[in-house]
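Just the one chain here, the form predicted on its own, laid out as structure tokens.
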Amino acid sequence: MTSAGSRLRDKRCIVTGAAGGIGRAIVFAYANQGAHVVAMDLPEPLEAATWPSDRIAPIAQDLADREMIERTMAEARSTLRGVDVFVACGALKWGTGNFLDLTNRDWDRYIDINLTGTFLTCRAAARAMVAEDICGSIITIGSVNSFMSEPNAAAYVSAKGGVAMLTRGMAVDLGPHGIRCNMIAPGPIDVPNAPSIYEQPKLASEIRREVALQKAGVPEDVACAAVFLAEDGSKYVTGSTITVDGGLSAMIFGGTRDG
């Protein structure tokens, strides 16, 4: 998204995990489409990021701190004078090692941040929408790991699977209030870093073999789906999952192409 638009003109949006690749792309896409956005993340990455638009207001938040969540969500609502769209993107990244070696501490961290943190922030946003009679949109960022696993990721996939069902549960309970709740499930997304993990020969070969489009996606691909779910054009979409994975989850055993 490079040209300014008005698909989200004057919508008030909150995005957690906003300093990461996907969260940052969503923040920029929303602002570029005319929204006012509160960008929330841990203090250090939030301070290190640049926010080139006066439509973006950063607020530090730690999803592991329940009292801080309540305080920062209230601050975000006050800053925007309400909330129309909430995106729960903040999460610990993939991988904790083999299930046999999974510690209680790692299990608790993934559930607390990736699932409970999503629940607490979504609940705060939903309560604000109901209180102000706003037919808003709540968007969770799950993963293809919300419905299929891979080695060494039991805690991560459990939390992301929980996010998928949490989203459906919210959709059922909040539908009578006119609030839509949907999940985006990204697949292999090449988040900018140095060097890109998808440039490694083994992973690049796996992508060509197992992804129908034969390439990793970029954060802007997820942001496009997030814009759709935030705008009025998706006003009859709720309880759904948009999978942004290049066709990865469509292939049961992967392709037969040579790597």
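So that there is no doubt, residue numbering starts at 1 and follows the sequence shown. This one's a predicted model, so the numbers in the text were calculated from it and none came from an experiment.
As for the form predicted in complex with nicotinamide-adenine-dinucleotide (NAD), it is not shown, yet the points below apply to it.
Participant: Would you please decide whether residue 91 lies within 4.5 angstroms of nicotinamide-adenine-dinucleotide (NAD) in the model of the complex, comparing each non-hydrogen atom pair?
Facilitator: Flag for residue 91 set to yes.
Participant: Can you tell me if residue 212 lies within 4.5 angstroms of nicotinamide-adenine-dinucleotide (NAD) in the model of the complex, counting non-hydrogen atoms only?
Facilitator: Output for residue 212 is no: heavy atoms all beyond 4.5 Å of nicotinamide-adenine-dinucleotide (NAD).
Participant: Within a 4.5 Å heavy atom cut-off, is residue 85 in contact with nicotinamide-adenine-dinucleotide (NAD) in the model of the complex?
Facilitator: Judged by the heavy-atom cut-off of 4.5 Å, residue 85 is well away from nicotinamide-adenine-dinucleotide (NAD) in the model of the complex.
Participant: Does residue 191 reach nicotinamide-adenine-dinucleotide (NAD) in the model of the complex, with heavy atoms at most 4.5 Å apart?
Facilitator: Contact check for residue 191: yes, within 4.5 Å of nicotinamide-adenine-dinucleotide (NAD) in the model of the complex.
Participant: Looking at 166, 124, 113, 102 here, can you tell me which has any non-hydrogen atom within 4.5 angstroms of nicotinamide-adenine-dinucleotide (NAD) in the model of the complex?
Facilitator: None of the others qualify; the residue that does is 113.
Participant: Only one of these stretches, 155 to 163, 72 to 80, 128 to 136, 171 to 179, has heavy atoms within 4.5 Å of nicotinamide-adenine-dinucleotide (NAD) in the model of the complex; which one is it?
Facilitator: One stretch meets the cut-off, namely 155 to 163.
Participant: Any residue of 8 to 36 with a heavy atom within 4.5 Å of nicotinamide-adenine-dinucleotide (NAD) in the model of the complex counts; write them all down in order.
Facilitator: Those in contact are 17, 19, 20, 21, 22, 23.
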